[in-house]
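Below you'll find only one chain, the form predicted alone, shown as structure tokens.
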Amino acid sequence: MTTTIPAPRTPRRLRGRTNTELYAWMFMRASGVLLVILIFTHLFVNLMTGDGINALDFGFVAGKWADPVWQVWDLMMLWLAMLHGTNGLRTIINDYAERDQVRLWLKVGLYTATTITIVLGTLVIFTFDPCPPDAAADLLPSFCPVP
């Protein structure tokens, strides 16, 4: 009795199998390219234009986050970087964690840390108020109106 091995390019559909790894691979490539564009533009705007690194302070960030374009820009960097890194670590966990229980708990920790970081980062970006109404006047930046 001889068994034949199917050619490598023979399409094989097993019940219940999806192309999750293919989509994860494609996401890594697309998010990597987009992250390079987002990050280098971010660095150029923050470090090369205006007064450069000397202008980076609380007021600079507050002024930047007053503009919805920069809020969305930083949000996209946060989400893409976290999801890109999480997908990469998921792949490493799948490759190197041999026992199923270890793999499960490493992924639970990874997904928990990712979720917490994304939620808190998103909240900071959209709820940031450089001039809180109840703050002491001596603690406020110079651009805040003094009551």
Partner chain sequence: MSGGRARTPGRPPSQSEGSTFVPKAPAGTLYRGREGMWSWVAHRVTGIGIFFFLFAHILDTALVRVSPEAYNEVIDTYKNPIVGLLEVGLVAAVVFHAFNGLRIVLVDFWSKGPRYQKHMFATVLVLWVVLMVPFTIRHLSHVFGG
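Because the structure is predicted, anything quoted here is derived from the model rather than measured. Only the largest set of C-alpha atoms that superpose within 1.5 Å between the two forms is called the rigid core. Residue numbers count along the first chain shown, from 1.
We do not show the form predicted in complex with its partner chain, though everything after this point is about it.
Asks: Using a 4.5 Å heavy atom cut-off, which residue among 45, 104, 69, 33 comes into contact with its partner chain in the predicted bound form?
Replies: Contact check passes for 33.
Asks: At 4.5 Å between heavy atoms, is residue 41 in contact with its partner chain in the predicted bound form?
Replies: Residue 41 lies outside the contact set for its partner chain.
Asks: Answer yes if any heavy atom of residue 84 is within 4.5 Å of a heavy atom of its partner chain in the predicted bound form; otherwise answer no.
Replies: Flag for residue 84 set to yes.
Asks: Considering non-hydrogen atoms and a 4.5 Å limit, does its partner chain approach residue 142 in the predicted bound form?
Replies: Contact with its partner chain, no.
Asks: How about residue 92 - does it come within 4.5 Å of its partner chain in the predicted bound form, if we only consider non-hydrogen atoms?
Replies: Contact check for residue 92: yes, within 4.5 Å of its partner chain in the predicted bound form.
Asks: Mind listing which residues of 33-62 have a heavy atom within 4.5 Å of its partner chain in the predicted bound form?
Replies: Counting only heavy atoms within 4.5 Å of its partner chain in the predicted bound form, the contacting residues of 33-62 are 33, 36, 39, 40, 42, 43, 47, 48, 49, 50, 51, 52, 53, 54, 56, 57, 58, 61.
Asks: So with the core overlaid, does the Cα of residue 32 end up 2 Å or more away between the shown form and the other one?
Replies: Stays below the 2 Å threshold, so no.
Asks: When the two forms are laid on each other by their rigid core, does residue 82 show a Cα shift of 2 Å or more between the shown form and the other one?
Replies: Superposed on the core, residue 82 moves its C-alpha less than 2 Å between the shown form and the other one.
Asks: Does the distance between the two CA positions of residue 124 reach 2 Å or more between the shown form and the other one, the core being superposed?
Replies: Residue 124 C-alpha, core-superposed: shift of less than 2 Å.
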